[in-house]
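Just the one chain here, laid out as structure tokens, in the form predicted on its own.
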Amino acid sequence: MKTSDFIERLAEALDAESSELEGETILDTLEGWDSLGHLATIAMVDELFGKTVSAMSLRRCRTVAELMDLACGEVTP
């Protein structure tokens, strides 16, 4: 998956603008990165990749890039 596609889907899940997100964006600075945002992200990862991600794993992610690595492994620019 391309990074831009992942960022667009993440922005939808967090009710944010994709232009606000890049790989180095700190997740805790995002208004939508709360318990509902976590649930929406878990659902997005399940839908896109058929992969179950725990809330604990999400909390370990500090940046969008770390979240991408968790969700889909390698991404392309």
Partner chain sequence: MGRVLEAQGASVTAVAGYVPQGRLCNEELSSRYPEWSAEDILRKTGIRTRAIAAPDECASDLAFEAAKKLINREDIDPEDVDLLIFCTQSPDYFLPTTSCILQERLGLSTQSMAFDLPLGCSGWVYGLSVARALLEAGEATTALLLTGDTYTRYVLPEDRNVAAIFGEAGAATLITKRSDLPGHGAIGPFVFGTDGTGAEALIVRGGASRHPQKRRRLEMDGPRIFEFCLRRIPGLVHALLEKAELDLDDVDLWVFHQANRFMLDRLRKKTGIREERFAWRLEEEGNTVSSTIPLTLESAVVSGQLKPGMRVGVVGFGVGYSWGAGLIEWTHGGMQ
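Numbering follows the first chain given and starts at 1. It should be emphasised that the depicted structure is a prediction, and the values quoted were computed from it without experimental measurement.
Below, we refer to the form predicted in complex with its partner chain, which is not included among the displayed structures.
In the model of the complex, its partner chain stays beyond 4.5 Å of every heavy atom belonging to Asp28. Although the partner is absent here, Arg60 sits far enough away that none of its heavy atoms falls within 4.5 Å of its partner chain in the model of the complex.
In the model of the complex, none of the heavy atoms of Ser19 sits within 4.5 Å of a heavy atom of its partner chain. In the model of the complex, its partner chain sits within 4.5 Å of a heavy atom of Asp15. Using a 4.5 angstroms heavy atom cutoff to its partner chain in the model of the complex, all of Leu36, Ala40 and Ala43 count as contacting.
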